[in-house]
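Just the one chain here, the form predicted on its own, laid out as structure tokens.
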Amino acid sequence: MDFEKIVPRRGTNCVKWDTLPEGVLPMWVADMDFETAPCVQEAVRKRAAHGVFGYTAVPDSYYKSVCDWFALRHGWRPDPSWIIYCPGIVPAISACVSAFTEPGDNVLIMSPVYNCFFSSIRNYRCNVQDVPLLSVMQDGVPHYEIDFDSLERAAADPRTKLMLICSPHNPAGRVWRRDELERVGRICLEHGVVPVSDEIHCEFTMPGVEFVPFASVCPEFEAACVTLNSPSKAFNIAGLQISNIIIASQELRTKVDKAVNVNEICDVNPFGVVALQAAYTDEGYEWLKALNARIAANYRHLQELVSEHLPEFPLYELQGTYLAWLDCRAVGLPSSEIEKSLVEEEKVRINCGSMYGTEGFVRINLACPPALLEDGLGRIVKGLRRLL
């Protein structure tokens, strides 16, 4: 569990590093600069040693691993028959939009939110029905809350057919409480809106914060919702392309299964199948606990730097994910200009807030060894002080 080791990633066709000019430090796209868990590495090595990589059948042991993991770690046991596997969460989101909407329908989101929510909705000629999160201060620290009144009005629109819930929320950093999920679910059910909960970041929580699967809130929600999850973020295996769509309702599952097959996203690769089963073990969990401790330490370091050097830039509370959300409106520039300037001058890449539907903010990826973190955050501090 060496989270201080720097793994050179340039020259590996890595999106995070190899798409940037030499010398630019990446703190943007959401993958980690840590090696995956040793148990996952060993499973992939063992499968690769076989030497034949044909079409892959998903065994019963795969479904058991998923169900056992969520029962033990998150207090919710789905049934194996509810699981539809596919290559990734973004294809799964698109399949859900395809399954439950027609062109011209509304899909509810709460910005700032993962940018592919917007594209998946628009690709199917649906309307983005945005109910922005409310920014509030608590004990001097900003965080987001749900605008339930506006959400209720939006859900009541007869054109609204689907809600995409980001839980934990990227990039806002919120891990929704049970009572918040309860209110969201009641609104959806009352107005016939299908809730789709993207829970890809569910393994990342700060100390004292509990992740609650949407489907675990009550049997009524379990019967009416779609859950999306994957080990890809938690174990840094996005390139292995494995994820799950979990649906208790036979009616809803049939619709999504049809969309998955129509869009030809019904196959996965052999490495993703064995990697998930290796990750969802006691050994994988021990590694994950150590990873969360490293990310929490990285977040504390960012808090200290912002408090000391960037008091004009409110840092939002990070309850989950490894993605920090920083308010840069004091600079007075579009966030895309801030992103461009930091790349050109300080040689560091972050994500501009406008891609998540909120101007004036930046998203910072904290999932890297301490030495890279220190270097990257130093460049960000220098650049924002310069722009200010």
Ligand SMILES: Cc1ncc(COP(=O)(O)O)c(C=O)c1O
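Each residue number is its position in the shown sequence, starting from 1. It should be emphasised that the depicted structure is a prediction, and the values quoted were computed from it without experimental measurement.
The form predicted together with this ligand is left out here; the points below concern that form.
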Query raised in the report: Out of 333, 44, 30, 67, which one falls within 4.5 Å of this ligand in the predicted bound form, going by heavy atoms?
Result: 30
Report summary line: With the partner omitted here, the residue among 197, 170, 277, 94 that in the predicted bound form has a heavy atom within 4.5 Å of this ligand is 170
Requested in this report: Quick one: find which of 232-240, 216-224, 281-289, 308-316 has residues within 4.5 Å of this ligand in the predicted bound form by heavy atom distance.
Outcome: 232-240
Report task. Would you check, heavy atoms only and a 4.5 Å threshold, whether residue 204 touches this ligand in the predicted bound form? Result -> no
Requested in this report: Determine whether any heavy atom of residue 272 comes within 4.5 Å of a heavy atom of this ligand in the predicted bound form, and answer yes or no.
Outcome: no
Query - 4.5 angstroms heavy atom contact with this ligand in the predicted bound form for residue 78 - result: no
Query - Touches this ligand in the predicted bound form: residue 185 (any heavy atom, 4.5 Å) - result: no
Report task. Determine the residues of 57-94 with a heavy atom within 4.5 Å of this ligand in the predicted bound form and present them in sequence order; the list may be empty. Result -> 88, 89, 90, 91
